[in-house]
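To begin, one chain is listed below as structure tokens, in the form predicted on its own.
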Amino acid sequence: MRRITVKELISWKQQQLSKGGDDQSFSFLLDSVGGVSSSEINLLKTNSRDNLYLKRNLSFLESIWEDHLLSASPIQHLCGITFWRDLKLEVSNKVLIPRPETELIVDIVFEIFGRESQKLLFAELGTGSGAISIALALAYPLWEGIATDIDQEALRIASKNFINTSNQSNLNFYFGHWWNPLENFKGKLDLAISNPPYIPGDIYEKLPKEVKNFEPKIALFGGEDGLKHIREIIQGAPLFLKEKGWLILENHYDQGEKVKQLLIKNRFTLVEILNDFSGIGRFTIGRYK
């Protein structure tokens, strides 16, 4: 542990931010690698001579920050972790950094099934870091979950994240494209969830370089209209969902109505577009018949 006064740390932080970057990213670096949170610093500001204890020295933290500024690599990738809901997750350039708005998928599940629920079977298609599946497996110990991904490295990360956050065994990981790994579960799923690639071609080309250059294209690009993978998931869902099983999808900000019509066309009922934190129709849900 490296001891430093609050005054020294604040001064050093200001020096680093003068090089560029934003306060939120720098606070993330201090918290995730340095082991000192913004709330801890703020609590001690009244007595700037109080000591803080860093997990890593200032030169190491500075090297990460300068790498972030020079390369535009996401600070989460350089730190190797991200925080999502109440989870601390390993991430790399092989998985999409889970976004805050995606946290609402878990809340949508709570709304549909309640906080207390009997045993059921759910699947997440394209799990990435495992965030959604892990959150559900922890919230519902009686449920059995299946998380799939087309990238073996993503599955390794997701599996490791589950082991690191839980001593439960109610989540399994399967390799393959969308429904393909679930042939043995036809007609058995109570719930399927996916945050698939949905960004249209023209918008993908204009993404900020910290996203386009460092996060996996396979997790972002949804074909020219952005709906390629959503169509495939919806069309396959009736084979795998139980009658009255639910499908929850995240989609692009302007795709909700189109996704809704695709669900209705494939015999889903109670179809609804739900908003994210910004009031945008980010999620489309439906019950199979």
Ligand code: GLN
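Residue indices: 1-based, along the sequence shown. Note that the structure is a prediction, hence the values are computed from the model and not measured.
The discussion below concerns the form predicted in complex with ligand GLN, not included here.
Between the options 99, 188, 85, 156, the residue in contact with ligand GLN in the predicted bound form by a heavy atom within 4.5 angstroms is 99. Among 41, 69, 220, 54, the residue placing a heavy atom within 4.5 Å of ligand GLN in the predicted bound form is 220. Contact annotation: ligand GLN lies within 4.5 Å of heavy atoms from the stretch 198-206 in the predicted bound form, the single such stretch among 132-140, 198-206, 166-174, 116-124. Residues are counted as partner-facing when one of their heavy atoms sits within 4.5 Å of ligand GLN in the predicted bound form; in 244-271 only 250 qualifies.
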